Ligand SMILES: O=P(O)(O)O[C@H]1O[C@H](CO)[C@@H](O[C@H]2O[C@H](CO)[C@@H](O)[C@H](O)[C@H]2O)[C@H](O)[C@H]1O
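First, one chain by itself: the form predicted alone, in C-alpha cells.
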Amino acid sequence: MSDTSWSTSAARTGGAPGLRRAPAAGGELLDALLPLIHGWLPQQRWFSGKGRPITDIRVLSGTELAAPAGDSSGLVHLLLRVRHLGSGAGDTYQLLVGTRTTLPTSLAPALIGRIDGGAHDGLLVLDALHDPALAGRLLGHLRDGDRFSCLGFHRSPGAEIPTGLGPRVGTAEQSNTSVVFGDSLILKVFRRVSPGTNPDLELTLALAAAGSTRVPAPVGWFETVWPYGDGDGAGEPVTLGLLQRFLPGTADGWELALASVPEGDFTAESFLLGQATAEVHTALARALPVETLGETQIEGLADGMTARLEAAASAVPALQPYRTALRSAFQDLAELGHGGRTLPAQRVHGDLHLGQVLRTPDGWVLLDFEGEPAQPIEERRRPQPAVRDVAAMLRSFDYAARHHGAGPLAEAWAKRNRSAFLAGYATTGDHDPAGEHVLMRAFETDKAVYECLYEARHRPAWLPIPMSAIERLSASPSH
C-alpha cells in the first residue's frame, strides 16, 4: 500500500544504534514476509490497532529457530515495531512464523499468505503456534534450555517437561495466544511486548516460591533482550512466553457464575473466591516489596482517576451527565490523604475478574497476572492498594448478573455475591474491604469508567452494563 512502509534494514545492517542483527533470518525472506503480515495482522484478536490503518512495520529482530529442509517446516521468531494511525511510537509485537511448501487442510485457518516471486516463490507462511510440529519445537527448546543469540529458553528448577505432548491452540478470546500440550502444560505466548519482566512471570514465580497453591505452577519461560535503539528500555529483559501446569477438570469462574444467574446460589463459591483472593494478596505482600502511600501519593491516585474520567467522558457522551458526581468519589479519596490517612500498597493481580479464575477440586486458582495489557508495564509492576483487585471482582459480579439483561433478580444476585466475596476476603485478609467505603467507591468508579470506554470502543452493545454501575455510584457515596 502506498501509505505504508516496511523495513528490514535494521535486521540486516544493525539499524539504529544498539539494534542487534537478526542471525540466520535472511533479509530477503523478511522482505517477502512483511507485506503478507501487513494484511494479516489487523485481523488478529490481539492486535491493538483495529480500525486504524498500519503506516509502518519494522523488524526489530528476526531469529531462525528451524531452517526448512525438504518437506519440513521452517520457524522464524520476529519482533516487529508496528505503527498505525494514532499509535505514536507504535507497538511491538511478537510473531512466530512458520514456512511450508505444502499446507494440510487442517492448517488452512493459520495461513498468513503465500510468497510470490523471488527466491522464496511459492512458500506458504503461517502462524506457527497453530502448527503442531512447530509448537512442539518450542516446547523442546524450553525443555532443553536452548539459546539463540539473545533469545533464551528457561526451565524452572526441578520442573519436568515430558515429550510426546500433542499441542492445541486455546480457543478463548484473549490478548495473547495459549497453546495447551496434552493435559499437562499450557504455554502463553505474549503478543504485544515491551521492555521489562512481564508481571505474569514475575508474580507467578514469586507465588510459587512462597508455596502458594492458588496459581498454576510455572514450568518455564522464554525471553529476549529489548532490541530497540539505545534509549529507554535498551538492554532490559522482554518476557515472551510463560509455560505453566495445565489444570484439567477445572471450571471457568465466569461460566460457573453465569450458570447461577439469576436465581441460583453462587454465594458459597463467591465466599471461597474472596478467601482465595486474600490469600494471594497476603502471599504477594510477604514475597515482594510493599510501600506506604502518604498524602502526596494518595492525591496522585485520585488525580489519575480524575484524569481518566475526563478522558473517558470526552470519548463516551453517556458519561457526561455523571462527571461531577463521579469526581466526588475521587475527591473523597484525596481527602483521606489530606486527613492523615496512609494506605498500604503491594503487588496485585491488576486485572482480576471471573474470567481470570478457575474452580479446581481443591479450590479457586487465579490466572493471568499480566495486569491490564493496555497499561505500560512499569505501571503494571507498581505496588498498589489491594482494594483495586477487590473492586475489579465486584464489577465482574455485576457483569455476570447483567450479561443476559437487567432485572430485580439479577440485581439481587449481584448484591448477594458481592457481599459474599467481601465476607470471604475479610475472613482471610488483614482488613475488611466492606468497611472501606471511600476506597471501594473510588476504585470501583475508576474501574467502571474504564469499562465504559472499553465497551464504547469495542462492544457498544455492552455499554449499558458499566453505565448501570455509573448510575449507582454517582447516586450515593455509600458502597
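Each residue number is its position in the shown sequence, starting from 1. Just so it is clear, the model here is predicted, and its values are computed rather than measured.
The form predicted together with the named molecule exists for this protein as well; it is not shown, and the discussion that follows is about that form.
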item	value
Ser175, Ser328, Ser149, Gln346 - the one with a heavy atom within 4.5 Å of the named molecule in the model of the complex	Ser175
Listed residue that, although the named molecule is not shown, lies within 4.5 Å of it in the model of the complex (heavy atoms), from Pro237, Pro373, Gly90, Pro262	Pro373
Candidate spot His77, Asp127 and Phe222, all three touching the named molecule in the model of the complex (heavy atom, 4.5 Å)	no
The named molecule contact in the model of the complex: Arg402, any heavy atom under 4.5 Å	no
4.5 Å heavy atom contact, Phe271 to the named molecule in the model of the complex	no
Arg380, heavy atom within 4.5 angstroms of the named molecule in the model of the complex	no
Exercise: Glu451 in contact with the named molecule in the model of the complex, heavy atom 4.5 Å	yes
Partner-facing stretch of 330-338, 381-389, 365-373, 156-164, counted where any non-hydrogen atom is within 4.5 angstroms of the named molecule in the model of the complex	365-373
Heavy atom contacts to the named molecule in the model of the complex at 4.5 Å, residues of 447-464 in sequence order	Lys447, Tyr450, Glu451, Tyr454, Glu455, Arg459, Trp462
